[in-house]
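What follows is a pair of forms of the same protein chain, given separately as structure tokens and numbered structure 1 and structure 2.
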Structure 1
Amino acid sequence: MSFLITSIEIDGAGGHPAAWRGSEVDPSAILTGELALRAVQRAEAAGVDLATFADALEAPADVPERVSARLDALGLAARIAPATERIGLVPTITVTHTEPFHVQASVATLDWVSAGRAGWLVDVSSSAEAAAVIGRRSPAVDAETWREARYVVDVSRRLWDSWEDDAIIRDAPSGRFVDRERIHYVDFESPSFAVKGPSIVPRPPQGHPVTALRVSSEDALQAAGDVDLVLLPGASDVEARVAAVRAAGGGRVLLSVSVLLEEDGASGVRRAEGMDHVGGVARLAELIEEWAALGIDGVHLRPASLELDVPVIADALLPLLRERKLVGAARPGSLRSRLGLSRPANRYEGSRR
């Protein structure tokens, strides 16, 4: 069995609605990005492979006692990139109302500023709220937004390929900075948008930054075959759901579970509605071993509290998983190589020869 991929989710002060109220939390550090930065640096030091960043087009719900504000995930991931060295950075990016050309350029740029550690967690916006903040078109049903998302993923990859890796030649004798034969128009058309290309950004270090999505509906499952990394939320019915993603042709499959950890398993006393796992790290390590036997490639841990749970993940859980030979030594290199994915060949390379 190969080693498991490990990842964590960054969302406000953590996944638990009351996480921001703990005395260990400086709530003003949520919106400066400091809380997220500290959590990602702790996870990186422990060898966690990647961090995802939660986001949605519309604002978080305005519900009493909750964190009702959020930084743009891409901007936050970019802010963290130069302050980290090895961990993958995967912001949530919604693609229903945005311009595909901007999306691909931003993700490629995150790959450049992180030297090959970028991914994007593709999400859709089918709510009336999301449609209303843009005002360009009516809300669409989930199935339609996921169909369109697949076109956005497709055109993004074409645009990442629109520059061959060796397009910049700096050929002083002929005065040419680029070889225009190695830069390509994509001429992409979908039912709802068209993009001429080429990208404005040269091909990013990973060739294609890692494309991820969360499969929590049949419609999202339809897109699973198009991506490198699938997040599968919830701890129930693992085997059947992993099989469904495999059948759809999905890449790496991570079980995505919310966790509230106590270093001492006996004192799981904190309030924890709706968490997938509450308790000690020893029990969680056992569960992860059981899930691994059901065919997952790794885990995506959604900590209840960044300040409380990430240190436990880093200092206790990872060493335990390593002891059980479920996790190997931290792997260097690009995010793709950490995930055991090859660098994609450029679809245009050779077309001119």
Structure 2
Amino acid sequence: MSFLITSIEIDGAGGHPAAWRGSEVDPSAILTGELALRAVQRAEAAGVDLATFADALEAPADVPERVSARLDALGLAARIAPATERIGLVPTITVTHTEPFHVQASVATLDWVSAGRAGWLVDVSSSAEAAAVIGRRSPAVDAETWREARYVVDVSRRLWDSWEDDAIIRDAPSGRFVDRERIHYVDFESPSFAVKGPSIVPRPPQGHPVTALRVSSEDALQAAGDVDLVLLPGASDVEARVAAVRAAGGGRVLLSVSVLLEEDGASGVRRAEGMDHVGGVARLAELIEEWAALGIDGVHLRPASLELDVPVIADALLPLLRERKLVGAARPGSLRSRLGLSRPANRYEGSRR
């Protein structure tokens, strides 16, 4: 029996809009990154495999009771990397409107500074608001943005391969830090962009940092076969949706559910808006076991409050899942090895171009 993959989402003070207003939260800690760091360190200590970081291109709206500001997900993951040792770090990166070359270089850099624990959660944007914020081009329909995202994933992996693993030679007597013969052009063209390469960043420790996406539409499902990790939001129709991802050739499948872990039913109802699960850890552990029987490879928990729910996940849920033999001991090594993924071969090794 293989153990489930466990992960949590970092999103402001938590997934619930009012999470930042609780007496246990210092709202200023949201924008210093301290709230996120504390949550990730708690999750790491409990043996959680990876943390994702929410982000979007659209400027936060000034809506009463909601946090109308956020940190850049990739920058936040880089802030947390040196303060953690084992947990995977997977920031959301919207690849629509952004430069693929710079995106892949940033993800490769995160893999280097985290010693092989980086991934990226590929997202798209078809909104007019996001296009206006960037100011580069008009919005496209969802299907077109996902087609382009697949090209971005493809060229990113090519650019990660543009340096052979042994291209860095550090030959002090000759003064040569790299062997230029082991660095290659990718010469990639898509309908919307072209990249010649090579990358400015050497091949990442994992070869290819883990690529993930969230399947919440038929267009996103078409891209599932290109990634290592698929997040399925919501707790309904689990078996059918997992089967659809498998049919599309998708990698590891994590059910992504928002959770409010509250034994006190009355208190829980007060902060229950929009949650997939409201209740105690015993019932959530039962549900996770049922979902595992339907074919998922793991769970992606989106806590209502980082300060209230992550400690419960770490101190009560993970031990209970371990007791039920659903989760094993904390897994060492790279993020790819945690997910049971092999390190990809370099497509350009030995190439003369």
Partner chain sequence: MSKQIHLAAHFPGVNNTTVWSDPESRSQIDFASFRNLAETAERGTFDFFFLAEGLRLREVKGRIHDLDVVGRPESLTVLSALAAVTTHLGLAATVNSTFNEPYELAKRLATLDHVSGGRAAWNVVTSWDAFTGENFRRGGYLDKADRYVRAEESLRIVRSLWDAWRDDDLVLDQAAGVFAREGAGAFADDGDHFTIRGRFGLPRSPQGHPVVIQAGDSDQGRDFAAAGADVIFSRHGAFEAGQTFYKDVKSRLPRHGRAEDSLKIMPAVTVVVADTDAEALDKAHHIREQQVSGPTAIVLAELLWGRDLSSYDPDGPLPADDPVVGSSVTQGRVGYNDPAPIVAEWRAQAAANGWSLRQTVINQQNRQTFVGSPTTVAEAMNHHVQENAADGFVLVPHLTPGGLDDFVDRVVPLLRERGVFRTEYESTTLRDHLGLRR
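By rigid core we mean the largest C-alpha set that fits within 1.5 Å across both forms. Structure 1's sequence is the ruler for residue numbers, which start at 1. Remember, it's a predicted structure, so these values are computed and weren't measured experimentally.
Visitor: Given that just one of these two is the form predicted in complex with the partner chain, which number is it?
Guide: It is structure 1; that copy is the form predicted in complex with the partner chain.
Visitor: Would the C-alpha of E99 be classed as shifted by 2 Å or more between the two structures after rigid-core alignment?
Guide: E99: C-alpha displaced by less than 2 Å between the two structures.
Visitor: Would the C-alpha of I169 be classed as shifted by 2 Å or more between the two structures after rigid-core alignment?
Guide: After core superposition, the C-alpha of I169 moves 2 Å or more between the two structures.
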